[in-house]
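As a starting point, one isolated chain is supplied in structure tokens, in the form predicted alone.
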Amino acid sequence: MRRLLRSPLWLALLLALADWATGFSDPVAHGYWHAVYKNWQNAAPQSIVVVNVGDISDLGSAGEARLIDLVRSSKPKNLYLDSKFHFDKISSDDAKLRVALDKLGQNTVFVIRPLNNNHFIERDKFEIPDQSLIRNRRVAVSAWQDNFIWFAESAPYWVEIDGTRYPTFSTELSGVHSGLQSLYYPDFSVDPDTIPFISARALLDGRMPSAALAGKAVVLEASGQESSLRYFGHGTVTPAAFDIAGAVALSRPINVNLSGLAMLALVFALLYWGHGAATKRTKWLAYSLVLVAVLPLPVLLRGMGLIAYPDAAMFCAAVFASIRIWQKRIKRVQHTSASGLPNMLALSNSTLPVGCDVVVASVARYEEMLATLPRELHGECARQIARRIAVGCGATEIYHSDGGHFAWTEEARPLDMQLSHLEGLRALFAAPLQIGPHTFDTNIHFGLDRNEGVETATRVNSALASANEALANGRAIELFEAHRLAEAPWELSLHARIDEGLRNGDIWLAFQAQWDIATNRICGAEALIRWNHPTRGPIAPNAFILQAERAGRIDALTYWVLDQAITAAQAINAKGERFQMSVNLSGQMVDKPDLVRNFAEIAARRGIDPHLITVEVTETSTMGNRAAAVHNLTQLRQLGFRLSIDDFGTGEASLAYLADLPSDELKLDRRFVARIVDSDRERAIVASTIGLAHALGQTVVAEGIEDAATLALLRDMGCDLAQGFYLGRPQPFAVFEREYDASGLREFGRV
């Protein structure tokens, strides 16, 4: 038993079984089915018609008698008469009602409901009508079992009253009086709002022809009906809705409750398979199937008449996932070197973002340094080296191995810039290290891996091997070239591939809407380049742009984007409203001598007012000449182009950036915007930035808006423009144009 409890899988199973036995997860099951039936709704059968006599209550028993005669004459297939008609009085009008009841044929069924409308069958009290009225006609009982908050869940096929068995109403409606189990489960996907309801007064006044009831199952529902039962997906509904939902479920070939144990067994089997799988692909397949089993599968089974409650299975999966996450966290702690820094194994097991290099630094004579130091200073030595590296490269995490290797990741720059950066970092170690009373001269060498798309562990080992080679050969930096050689056919032909992609449409523009918060309309869009390669599939924009920069194709792509964006801007502006189009400008191009000339030529050739084009300037760390970049941007602005500082608050896009570069617009980075709802600090930063931008005459665009709460806060802060998935995803121009045309006809932000 102790061994089982150490296993996250078996521990999750035991806890799930205990949860199922005690019913603690019933709220989970209730919430699941309530959400399912809010979104899964089918039309009620049109063969069952409900006539409510509530609107003829002022006519008394005489009106009820007329109604019964009228319905009987319409020749319904079956007539289900609610027993709560007031036919036990002695007035002359009640005598008419009795006569009308006496004329009813054998296709009449009296429906008995609880006297106190109680939803607990074991406490229900029923009163059977006078046998002189029923005679030899059938009697059915409407009786339901509910859950802990009074939502109907199931019903028996029959109920025993005073020693007599009576079928339940749903079995009479469906004609199915027995099943594999003693209970049946209604189909709450039946939308109660689609049940055919006919006004009793409309029938009596002739506004509704009684022929509409011919051949139908007609339910005469008495006035004043109330029920404390609730209907999944809706809440309180007319009492007949429960019986109709039960009849629809009984019309299926099977109606069987598999219980929560069946789902628990399935999920446990999948977790067992995934937990013991040898490959990550198999693990992800198994865990993906677990999600299918606990989310859509119960719905699919219920559509076939098999009732499977997923709460115990959800509990089991949640417990297992929580334990595994906790174990991985503990493992990560264990993957820490003696210095307290994360070790190489921690880096190897991580997932690297797109567009980063792996760098490993090897410190010469590191073992000799440690041999000189007392043991208690070994960690301090490693930490001092790591701090010096972090200051030079800006990395937030430095990984360490006890052999004198330090690793980190950096944004991938062009190779010459990356090499120059590492040379500068190496210069930081010209100053000696002071460890306690000991002073050490340091000599550091770098291994660099730039191989995108390779497993992290492989990249770390590549950089490590390169660092050792650099140390052995006395070189400052060694670049691992294996993957570059493997990718040579692709990179050497990138020029032709890009041209081919532009010709055949594999490279295309997506447009993401920008909303004017004040006018509640789309006022602009950002043009975003996309590439769906025929063999490689969709290429991530960051990786694609990075490859284009390395291959020297970013200039041609930028001008192509500008030309295509102008076409879209002209099409929208032709509709009448002013529309602003934004295009991105790579940091590699900002200081190019021909930048301004090319932008001016394209605008003139296309005949567009440059004021309608916003140029978003991204990270400038890659520009070689900052003075030339500022000069170019100033000239672009003088030509009429609007300038926007993109991703403000990160990297180079800082206050110094705002002070140096001429601009009209400031784009708040999504990393700040996404946290303003939950973080007072981030909210204050964004509010202050908006105030600063407005003080400088800047328009403020907030990007990365993914929910209504964030949008509302930005509106209160006075933000000008809004952009994000909540308001609209990047999409082809034809789709975007339809969205733009419809934007004035719908509520702001409802996408």
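All values derive from a computational prediction rather than experimental measurement. Numbers for residues come from their place in the sequence shown, where the first is 1.
Keep in mind the form predicted in complex with a small molecule is missing from the figure; the text below concerns it.
Asks: Whether Pro541 contacts the small molecule in the predicted complex should be assessed with a 4.5 Å heavy atom distance threshold; does it?
Replies: Yes - in the predicted complex, heavy atoms of Pro541 and the small molecule come within 4.5 Å of each other.
Asks: Taking 4.5 angstroms as the cut-off for heavy atoms, does Asn584 touch the small molecule in the predicted complex?
Replies: Yes, Asn584 sits close enough to the small molecule in the predicted complex that at least one of its heavy atoms falls within 4.5 Å.
Asks: Quick one: does Glu703 come within 4.5 Å of the small molecule in the predicted complex, counting heavy atoms only?
Replies: Close contact exists here: in the predicted complex, Glu703 approaches the small molecule to within 4.5 Å, heavy atoms only.
Asks: Just to confirm, Gln512 within 4.5 Å of the small molecule in the predicted complex by heavy atoms?
Replies: Yes, contact at 4.5 Å.
Asks: Are Arg138, Asp243 and Leu250 jointly within 4.5 Å of the small molecule in the predicted complex, each by at least one heavy atom?
Replies: Not one of the three qualifies.
Asks: Going by heavy atom distances of 4.5 angstroms or less, which of Glu478, Asp82, Asp187, Asp647 would be at the interface with the small molecule in the predicted complex?
Replies: That would be Asp647.
Asks: Select from the listed residues Leu297, Val561, Leu341, Leu266 the one whose heavy atoms reach within 4.5 Å of the small molecule in the predicted complex.
Replies: Here the answer is residue option Val561.
Asks: Please identify, from 445-453, 74-82, 522-530, 162-170, the stretch that has a heavy atom within 4.5 Å of the small molecule in the predicted complex.
Replies: Selected stretch: 522-530.
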